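Structure 1 and structure 2, given next as structure tokens, are two forms of the same protein chain, each shown alone.
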Structure 1
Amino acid sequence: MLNTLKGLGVTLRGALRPKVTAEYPKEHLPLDERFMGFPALTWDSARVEPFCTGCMVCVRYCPTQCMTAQMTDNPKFTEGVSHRKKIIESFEINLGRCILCGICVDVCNFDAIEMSHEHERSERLRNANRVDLPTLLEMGKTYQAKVGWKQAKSNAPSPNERETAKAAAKSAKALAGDGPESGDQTGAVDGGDQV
């Protein structure tokens, strides 16, 4: 009888304690700032294209080989709008095989892949955790907006921007060069060689 009362006391103390866990599907605990979710591809809003050029470095270094990618020629480069000669054509990650190691982020030279806060990807079908390029870009855009992501270095100038800068420099040189050119001509005339 005494043991039964002690057991009820333990149960009552536990029932009156504040809860420390969340009822998962209904409640979500806030994520830590440094939480690493699944990889996502980042979006270059200045050029309106992905940062990814399809260089395959992340694919080669992935320890679980859960990524596949293909690159193609960038039509915006031929138009002179973008500085990227190549662009990603297709990209797929099998999130069921991803171990969230972050190596892909470390080896990327283009700020093209980040570990997002996306972590709720439970699926019933075997291949349902395979995500393609549009899904990865959407995950990346959401992550970039959420954390205020900024790229490490600014974009290189596109061919059109280079031509505009050259033309502006040439016209500025011509405007600034009117004075020195005329000074050079008068200097040649004023020189004592012709007298």
Structure 2
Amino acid sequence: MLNTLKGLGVTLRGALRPKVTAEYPKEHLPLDERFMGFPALTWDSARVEPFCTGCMVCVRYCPTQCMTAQMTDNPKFTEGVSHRKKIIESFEINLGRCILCGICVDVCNFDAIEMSHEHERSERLRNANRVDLPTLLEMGKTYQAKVGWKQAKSNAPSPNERETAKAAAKSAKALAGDGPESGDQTGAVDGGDQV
């Protein structure tokens, strides 16, 4: 008897607690920052191309072998606007096979793949959830915008930038070459000021 009352007490208190669930399709609970959804490819907005070079490291380390990637020469490198000699041509992930383990993100050396927050991609057929490069990049862009994604290390200079930098250095040298002594003195004076 006493125990029944005890049990009823628990039930009563339970009824008064706030609810923790949400009516899923209508309502969404907030996702955590570290939430691992499907992998997506990131977009380098500075170079206007994907980060991915198609090096296939992620493809080799994926435990379910659900990815394929094809590398190609980067035309932007020939034009001199990008530092990437090679770029991804086609990329496919079979999301129906992906187990969301995050190993691909760990092994990628170029920050090119991230576990996005995308998780609502159900399909009726077993093989219908294959996504191609544009979709992956789209997912990546959405994710980058959502979390304010920043690349870990900045891009290496592109050939054009290197040219400009070289030219700038040369002109600076040439300027300095006009009056080597005076230039040296200025440097010394500058240094003295700073001390």
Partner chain sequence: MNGFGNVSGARGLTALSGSESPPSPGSEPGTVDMMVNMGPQHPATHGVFRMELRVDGERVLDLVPHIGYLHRGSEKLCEHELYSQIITLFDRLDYVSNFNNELVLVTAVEKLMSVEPPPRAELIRIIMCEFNRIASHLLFYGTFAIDMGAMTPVLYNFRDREKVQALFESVSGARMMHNYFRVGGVKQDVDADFAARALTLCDDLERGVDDSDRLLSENAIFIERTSGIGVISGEAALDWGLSGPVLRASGVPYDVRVEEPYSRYAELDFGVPVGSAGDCWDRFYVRILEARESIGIIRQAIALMEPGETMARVRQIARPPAGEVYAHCENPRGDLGVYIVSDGGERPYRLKVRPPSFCNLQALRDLTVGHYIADAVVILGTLDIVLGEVDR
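By convention here, residues take numbers in order along the sequence of structure 1, the first being 1. Just so we're on the same page, rigid core means the largest C-alpha set that superposes within 1.5 Å between forms. It should be emphasised that the depicted structure is a prediction, and the values quoted were computed from it without experimental measurement.
Which of the two shown is the form predicted alone: Only structure 1 matches the form predicted alone.
Determine whether the C-alpha of Thr11 shifts by 2 Å or more between structures 1 and 2 once the rigid core is superposed. Yes, its C-alpha moves 2 Å or more.
By how many angstrom is the Cα of Val20 displaced between structures 1 and 2 when the rigid core is overlaid? A shift of 2.8 Å at the C-alpha.
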